[in-house]
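Just the one chain here, the form predicted on its own, laid out as structure tokens.
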């Protein structure tokens, strides 16, 4: 019986070059840009689906966009070799800063959100700069502790509204504007940071992650690049916190809740770390899923954990890289040639050497 095997082939446009596509036809253009264009179009038309899916799922969409920003933030730190366990720090600082500006000075959200995004990122960078010499889990533990410290500090000192928080904040003009601000922010940070990571600057950050001693021996300041990486990572996180604060018209101690740290981390694991777009994909899977699983009650966390284990074990490279590989390759069943088949058994080659 003739044996058969599966043969994997790269599609034409992918074969020509790895990163720069040589577009020879409209078909190549559609092949190269099609998936990105579909994702962008799907996001842009999503706010118009409210009559079909209801207001509740529109609010879930807004939360998903915020978690996507936090997941992108986590991935930037991971690329620079700074694994974080406390993205809630960025979220909480951004939320409290815009809430304080709006509550104390009466500034509109259009002014408070940009200031809170940049100033909050600068404050988070200043807090983390002294511990940038730590590596791996030691840096992660510090980031895990800081949101808890802020939460207990607010509770003990009664500042920023204490346990009752700041309420009655001004909302954005309408919910559709909130959604499009979130969509624009996710698209900008995901694609802009992806381009940045692929540049020479991003290569230095990846080099720090791979072997910081070699980068230091090249005369490059590790502290400078790590400080810049923290600031870049904090920007989407503080923006997400500021955006959701004006949506709820409230900010309080829940802004430093653990879910704002764990959900972005899980999204990055599911979508694929180091890709910037993969964590966004993971957020769009896990956040709506966590809402669906609310009907399971206390079993929700069990089901959620099983799903995470399935992704971590079954697709360790991340869902984005898995889909990219399947998209750029196709399989076909071909008969095994006699020489190749003989190479596998070894018997035919031995006969030839004897001859």
Partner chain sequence: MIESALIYGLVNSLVILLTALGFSLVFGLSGIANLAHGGLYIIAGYLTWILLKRLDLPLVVSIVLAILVVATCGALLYRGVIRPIKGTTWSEVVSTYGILVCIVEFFRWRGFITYEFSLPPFLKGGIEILGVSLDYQRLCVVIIGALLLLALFLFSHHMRLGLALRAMAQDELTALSVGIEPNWTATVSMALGGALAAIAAVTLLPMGLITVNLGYDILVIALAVSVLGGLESLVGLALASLLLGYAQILVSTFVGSHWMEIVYLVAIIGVLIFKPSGILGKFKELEERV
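Residue numbers count along the first chain shown, from 1. All values reported here derive from a predicted model rather than from experimental measurement.
This protein has a second form, the form predicted in complex with the partner chain, left out of what is shown; the following refers to that one.
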Query raised in the report: Can all three of 146, 157 and 265 be found with a heavy atom no more than 4.5 Å from the partner chain in the predicted bound form?
Result: yes
**Message:** Residue-level contact is defined here as any heavy atom of the residue lying within 4.5 Å of the partner chain in the predicted bound form; does residue 212 satisfy this criterion?
**Reply:** yes
Is it the case that residue 275, even though its partner is missing from this view, gets within 4.5 Å of the partner chain in the predicted bound form, heavy atoms only?
no
inquiry  = Within 4.5 Å, heavy atoms only: does residue 207 come near the partner chain in the predicted bound form?
reply    = no
Touches the partner chain in the predicted bound form: residue 130 (any heavy atom, 4.5 Å):
yes
Which of 237-245, 189-197, 138-146, 168-176 lies within 4.5 Å of the partner chain in the predicted bound form, heavy atoms considered? The stretch 138-146
Residue within 4.5 Å of the partner chain in the predicted bound form by heavy atom, from 216, 227, 119, 184, is 216
Students should find that, of 38, 45, 313, 52, the residue having a non-hydrogen atom no more than 4.5 angstroms from the partner chain in the predicted bound form is 313
